[in-house]
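The form predicted on its own is given below as one chain in structure tokens.
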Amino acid sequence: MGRRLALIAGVLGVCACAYMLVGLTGPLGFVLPYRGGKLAALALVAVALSVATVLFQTITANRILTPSLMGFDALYVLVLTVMVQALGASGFAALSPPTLFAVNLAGLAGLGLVLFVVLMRLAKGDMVRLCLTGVVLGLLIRSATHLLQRLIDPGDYQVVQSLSVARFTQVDGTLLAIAAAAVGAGVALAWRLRHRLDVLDLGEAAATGLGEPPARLHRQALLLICLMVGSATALAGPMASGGFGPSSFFGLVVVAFARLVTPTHRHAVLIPSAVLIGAVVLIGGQLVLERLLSLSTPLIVVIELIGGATFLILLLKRRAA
């Protein structure tokens, strides 16, 4: 497994160097910091969403689910719509980037935690019921957001639409540092849970017998998921087309490839594998679209196309099994 991880890390290094150097023109003092900020944002989002998806699939014991299924992308667009409706486009634009990031992160993490707590009480420990209820509530959140967007000024609606997709063209250095600190703390805590997650992956009955209460680990993992997904989404926007897709397939694609390349249940291997593959997918994909093909097509459109096929393959494999 170590050689495979080293190989993926090497591919990531090549992609990162190529992203920084291919097609390099203009003053280096401007171009290199600009590309470096985009590269850091891509890597940060990849790390956050990859680790969050690994945690979510482990606690739900389901390989085709992602945190976006629970409505995180919809929550972001709802918070954004409410802010723009309350402040107006001019008032919203007057907010400083750190203030806007803090409000988005607090709204996403807070509402996400409340959503999870309510769902877990309704599900009474049944993770399948939790996910199904989350899908329904996610649809309700999206419907409420659509209703609010129909009531706001067309100019304000354009602001909401422009911020409702993942964006890496303008990355504020202060926000990047804050998000990196939050995501770094989340990843460090997730790494400390890696052995306990291995036990939980054996099944709830086995975990209970081995002295690992599933409910406590579920709460801890959900807290980390809220922190990491909230930070990534507040920094770059939702990783779903238009913010209203059924779910983002990015995490699904990344973790599915990680399990294929490094077939193991050990989270000490699976977490770094997912992180490296996630960074390769985002940075390498952006490199191909921007530098090699000179296309303005959003990368998330391509990811969702591949993710849809991956989802169907995994679903058919589960049915066949």
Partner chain sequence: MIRIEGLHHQIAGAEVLRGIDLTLPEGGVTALIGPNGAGKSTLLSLIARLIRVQRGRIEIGGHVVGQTRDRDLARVVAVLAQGAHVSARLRVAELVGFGRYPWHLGRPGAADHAAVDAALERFDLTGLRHRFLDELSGGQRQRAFVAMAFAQDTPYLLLDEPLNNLDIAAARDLMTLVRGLADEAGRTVVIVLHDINYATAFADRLVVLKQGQVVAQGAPGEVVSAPLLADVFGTAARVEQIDGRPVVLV
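Positions refer to the first chain, counted from 1. Only a predicted model underlies this, so the values are computations on that prediction, with no experimental measurement involved.
Unshown form predicted together with the partner chain; subsequent notes refer to it.
Student: Is residue 172 close enough to touch the partner chain in the predicted bound form, meaning at least one heavy atom pair within 4.5 Å?
Tutor: Residue 172: no contact with the partner chain in the predicted bound form.
Student: Spell out, yes or no, whether the shortest heavy atom distance between residue 93 and the partner chain in the predicted bound form is within 4.5 Å.
Tutor: Result no; residue 93 lies far from the partner chain in the predicted bound form.
Student: Applying a 4.5 Å heavy atom distance criterion, does residue 202 contact the partner chain in the predicted bound form?
Tutor: Answer yes; at least one heavy atom of residue 202 falls within 4.5 Å of the partner chain in the predicted bound form.
Student: Hey, in the predicted bound form, does residue 211 get a heavy atom within 4.5 angstroms of the partner chain?
Tutor: Yes, contact at 4.5 Å.
Student: Select, from the options 143 to 151, 192 to 200, 80 to 88, 100 to 108, the stretch whose residues sit within 4.5 angstroms of the partner chain in the predicted bound form by heavy atom distance.
Tutor: Selected range: 192 to 200.
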